[in-house]
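Next up: a single chain in structure tokens, the form predicted alone.
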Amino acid sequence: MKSLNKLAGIKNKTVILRADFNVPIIDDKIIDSFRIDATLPTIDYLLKKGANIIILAHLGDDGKKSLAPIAGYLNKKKYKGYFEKSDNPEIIRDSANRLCNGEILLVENIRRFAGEKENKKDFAVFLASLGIAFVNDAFAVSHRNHASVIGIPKLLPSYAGIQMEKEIKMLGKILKPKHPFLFILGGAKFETKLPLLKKYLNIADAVFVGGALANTLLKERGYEIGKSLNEDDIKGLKQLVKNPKLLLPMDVVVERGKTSLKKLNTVGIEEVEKKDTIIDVGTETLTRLIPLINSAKLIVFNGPIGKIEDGTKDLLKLLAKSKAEVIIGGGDTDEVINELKMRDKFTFVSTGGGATLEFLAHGTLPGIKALKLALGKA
């Protein structure tokens, strides 16, 4: 995979940049600019080399949302360029041809275009025709087999952006970790995280599971979980829950009582009742994790450990005090980190969500493979 510093001869030339600007926006206001800011060093590098840049990015899954707030954000950051609202290929080409003197063209939400999610060759050919080289700095979307991720590298010399290389370097540490190594996994969607859990029970010294994932495992161990969110018919759990490295909540916060009179109670895991709903981990559980946190040399945390954020916030505060390398997976966990303004307290916070999980499970992503198989130098 070619690094960005290998990309030469781009002065007054146009480079296509795949970025991930899929950020939370409410009432046209960007709530967290983390993913945009992560790509700015790559944009700055290309501009310093004299390139014009066409940025391809998405917002949301279905393409309905506009990137207009992103264009406004870049404008406030003093980047000069244009936002092309049209999804007409010829209008986009005309806008691309007008670029000069280090200008940027931000194309409207790439998922509006037929052929993007299906990785249609003719659409990839159109995108590739707009520039002389391709840079992928969108780690968080590189688990997708989309035209702007894996189609363009088949047609153009292609390079990894600065954030992409950082993600691979930092997450790569987890594949060959320092020990003691503590892995903390939360969230839901058990079936998608089962390969990850199996893998890191073999690699890590201890794996703590919270969130809805823990409910499923607690049920398999024979505990009452009441009406808590969990998943049935997951194969391979019987042996999994016997693994001594697997740590589950010892106490939990539950909702108890009638709908209009529900109260939050913290109870031991053996005290959960049939009408209870588990919504978070208890304080005793977090207290029991402190020795593991203090002794670890590497800690990885991905996914919230409760339906409410109290436990996740308390855990992040404990991790921020650790002397270990602490690597945080993106997605929902990052939203809490942003709220707490603690991003600089950790060794690394990934821009990825599902991409981070897939990279940790398989050691690569389709977008990374595409860069490795791409054409030669520009």
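Each residue number is its position in the shown sequence, starting from 1. As the structure is a computational prediction, the values presented were derived from the model and not from experiment.
Note that the form predicted in complex with a small molecule isn't included here; everything after this is about it.
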Checklist entry - Heavy atom within 4.5 Å of the small molecule in the predicted complex: which of A147, A140, V300, I305? => result A140
Item to check | Single option in D44, D344, D61, E339 placed near the small molecule in the predicted complex, where near means a heavy atom within 4.5 Å | outcome: D61
Checklist entry - Any of the heavy atoms of R111 lying within 4.5 Å of the small molecule in the predicted complex? => result yes
Checklist entry - If you check in the predicted complex, is G311 within 4.5 Å of the small molecule, heavy atoms only? => result no
Checklist entry - Is D20 close enough to the small molecule in the predicted complex to count, meaning some heavy atom within 4.5 Å? => result yes
Next on the checklist: Although the partner isn't part of this model, could you tell me whether G354 comes within 4.5 Å of the small molecule in the predicted complex, counting any heavy atom of the residue?
Outcome noted: yes
Checklist entry - Counting only heavy atoms and a 4.5 Å cutoff, which of 25 to 33, 45 to 53, 317 to 325, 346 to 354 contacts the small molecule in the predicted complex? => result 346 to 354
